[in-house]
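In structure tokens, one chain follows: the form predicted on its own.
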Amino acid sequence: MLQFDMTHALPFLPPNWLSSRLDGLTNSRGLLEKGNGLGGYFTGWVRYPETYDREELDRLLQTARIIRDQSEVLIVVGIGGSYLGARAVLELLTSPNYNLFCKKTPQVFFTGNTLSSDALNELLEYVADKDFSVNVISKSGSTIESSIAFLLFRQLLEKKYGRAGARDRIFATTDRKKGTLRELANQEGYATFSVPENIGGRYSVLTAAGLLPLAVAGLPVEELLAGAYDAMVRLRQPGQDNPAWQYAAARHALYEDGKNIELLASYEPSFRFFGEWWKQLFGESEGKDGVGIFPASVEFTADLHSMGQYIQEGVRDLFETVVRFSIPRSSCLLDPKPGDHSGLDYLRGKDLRYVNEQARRGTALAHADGGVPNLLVSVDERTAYWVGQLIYFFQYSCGLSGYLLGVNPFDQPGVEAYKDNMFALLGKPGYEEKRKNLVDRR
């Protein structure tokens, strides 16, 4: 089971950091389990590793095989929770360079998360002479970044294969009943998969939103769900030995002590997009009503040579959570030759994974000495099963943390502010009065 270690955070925590929060955690757990707290309707993810539709999963796996057979490239169109989870798991379980090394599975590119014409045109040009399919992911179908990207790639598909041929290469993951994308999919006859109505985007990685792209890449999504299920069974048990309770309580205690920035770190470069997923999960869930820990992520050891100085000696308003994979996939024995002037003689006979682990330990000690509390989350290996545990651990901890803060962990009202202004400035019907006000302000 996933392990949580507070050794290098305890000196910064009050003696009652956990005991004083047990009542709050008990209440938060009840709100999650019963779905009767703020935003409680959107707690479908809490039991999803147990209640997911197995028939739809079988159909999803069959569809993934079809996509693999007919396509060199899969274009995944989505933004936020509609793509971050899938990309995070894809890179963590394979490599950030998956598209360079994949041999028997399609390349997977993620778009619909930008309004850059340069980025979109680059990808459109790349797939123009390739067989490709599109998985468009949106519960509403009205998000402008994804809508524009889907329009462009749908037009390219229809140009290459005709409207009927394009229909067989478009796969929509959306709301089961309503929304612009659902209406279009029904009209055109696209194959569809559903994101449960009671699961919000940032909690949807274990639904079809994340699983279809991962299955196309040949990853064992059933093992991912199995890991999440085992984490669910463990983390739903109340008590101070629960690692999710410990993590949520430690974060809350540090926040009340003025530590309002959390750095998520790992010593595996493939973890980078997991950090991006984690930032959305906690940022959108906690950052509202003038409260919340600001989530940031770093990649060690690379960022120790850029951000390390600030972390060590800057403003003491941050703490770190480090994710560690205890058993690396490979080894690399170091054998510097005498007289080769490498200066690495002291590493002769040592494995690079040992060096990496000592870097982690040394950094944790240095940062703690410098006033930065360190929390450590450990799983055994970088496999689908353990990544499933990580996903569920952070989701459950996030729900607990949001309720401890007294906010709704499942809405994101602030996200709508920029959208309203953007739609008004673009001249979208229904925003005429707002457009006038914005233009006057300029």
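Being a predicted model, the structure only gives us computed values, none of them experimental. We number the residues from 1 along the sequence you see.
Omitted from view is the form predicted together with a small molecule, to which the following refers.
Engineer: S28, G287 and S401: each with a heavy atom within 4.5 Å of the small molecule in the model of the complex?
Structural biologist: No: none of S28, G287 and S401 comes within 4.5 Å of the small molecule in the model of the complex.
Engineer: May I ask you to choose, among N121, S140, T114, N260, the residue with a heavy atom within 4.5 Å of the small molecule in the model of the complex?
Structural biologist: So the residue touching the small molecule in the model of the complex, by this definition, is S140.
Engineer: Of the options Q280, T94, S297, S71, which one has a non-hydrogen atom that comes within 4.5 Å of the small molecule in the model of the complex?
Structural biologist: Answer to the contact question: Q280.
Engineer: With the small molecule left out here, work out from 76-84, 124-132, 219-227, 262-270 which stretch has heavy atoms within 4.5 Å of it in the model of the complex.
Structural biologist: In the other structure, the partner sits against 76-84.
Engineer: Any chance G201 has a heavy atom within 4.5 Å of the small molecule in the model of the complex?
Structural biologist: Close contact exists here: in the model of the complex, G201 approaches the small molecule to within 4.5 Å, heavy atoms only.
Engineer: Heavy atoms within 4.5 Å of the small molecule in the model of the complex: does Q412 have any?
Structural biologist: The answer is yes: Q412 has a heavy atom within 4.5 Å of the small molecule.
Engineer: Considering only heavy atoms, tell me if S146 and the small molecule come within 4.5 Å of each other in the model of the complex.
Structural biologist: Answer yes; at least one heavy atom of S146 falls within 4.5 Å of the small molecule in the model of the complex.
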